[in-house]
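What follows is a single chain, given as structure tokens, in the form predicted alone.
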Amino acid sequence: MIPRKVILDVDPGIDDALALTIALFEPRIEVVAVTAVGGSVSPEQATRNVQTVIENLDPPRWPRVGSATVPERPLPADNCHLYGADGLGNSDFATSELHHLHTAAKVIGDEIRAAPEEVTLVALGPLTNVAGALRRDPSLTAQVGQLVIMGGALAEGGNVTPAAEFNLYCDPFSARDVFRQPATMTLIPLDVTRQVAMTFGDLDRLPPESTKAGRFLRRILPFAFRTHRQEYGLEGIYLHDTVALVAAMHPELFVTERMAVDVETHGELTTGAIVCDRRRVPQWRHNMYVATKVDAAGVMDVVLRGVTAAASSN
């Protein structure tokens, strides 16, 4: 089986780091690029964290790295309260920073043009880079194979405001630009990601510290467990971005519905919220598939098998 080409656009974040750990060692996909975007941490920290994750895991094939750019509008929020000042649990990893990196938007464009209709772009952070790549080259809309987006909330409340999910709230203008493109899109909202949580028991099932993946994950994940307990009273952690990665790898674990979706950009109380045209006679075109149900046990099985495979590779 020929591996499917994937670009991961991430704002690491402990959750994104876990997703990267799985993806970089998954034989059914080829991660051709990892691009950084500001969100959970600043653009500069996101770029550094991408390099940190790849360097510590040392996968058999290193992907291209695209650097995050400073968005036109300042980021209105971050997730440092959940993931630490550095986004990786204040773990203070030593990293050999790469210089003269291409921007994320350029790397996304290069890789999609190099393999038209063969690349799945998995967006796990704000959609700043995706919108930027499409603005640079509008022809990419027809060339990207599939776009999987972690973002939004349907019936669920938001996780940064009562109405808005974090990724879309951080850059609703880019989200609207992307949502209005005629590309094949699947949205993975909080309604399904909140059904999947890693428990303390799962933490005990991580690979041993004698492996690179085990050592890395055991260093960063306990911080997220502590903050989720402090912030939300949870005895576990949500894996929003990792769930979206699994959706790209194993769509059979999800039920999706075709919907007409847009993003609010200026509402005093609703900026970043998604709005679906559910009128009896909808006036908007159906522009994406939205995940509505998930096999939570199946997703966690993929996650745990993924980290085990990552550990066995080095």
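These numbers were taken from a predicted model, which means no experiment stands behind them. A residue's number is simply how far along the shown sequence it sits, counting from 1.
Another form exists, predicted together with alpha-D-ribofuranose (RIB); not displayed. Remarks below refer to it.
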| query | finding |
| --- | --- |
| Among the candidates 190, 131, 196, 119, the residue which, in the model of the complex, approaches alpha-D-ribofuranose (RIB) to within 4.5 Å (heavy atoms) | 190 |
| In the model of the complex, the one of 213, 150, 88, 108 near alpha-D-ribofuranose (RIB) [non-hydrogen atom within 4.5 angstroms] | 150 |
| 159, 167 and 240 each touching alpha-D-ribofuranose (RIB) in the model of the complex (heavy atom, 4.5 Å) | yes |
| Which of 100 to 108, 136 to 144, 75 to 83, 218 to 226 sits within 4.5 Å of alpha-D-ribofuranose (RIB) in the model of the complex, heavy atom basis | 75 to 83 |
| Residue 175, heavy atom within 4.5 angstroms of alpha-D-ribofuranose (RIB) in the model of the complex | no |
| 4.5 angstroms heavy atom contact with alpha-D-ribofuranose (RIB) in the model of the complex for residue 112 | no |
| Contact test in the model of the complex: residue 124 vs alpha-D-ribofuranose (RIB), heavy atoms, 4.5 Å | yes |
| 4.5 Å heavy atom contact, residue 40 to alpha-D-ribofuranose (RIB) in the model of the complex | yes |
| Partner contacts in the model of the complex for 1 to 29 (non-hydrogen atom within 4.5 angstroms of alpha-D-ribofuranose (RIB)) | 11, 15, 16 |
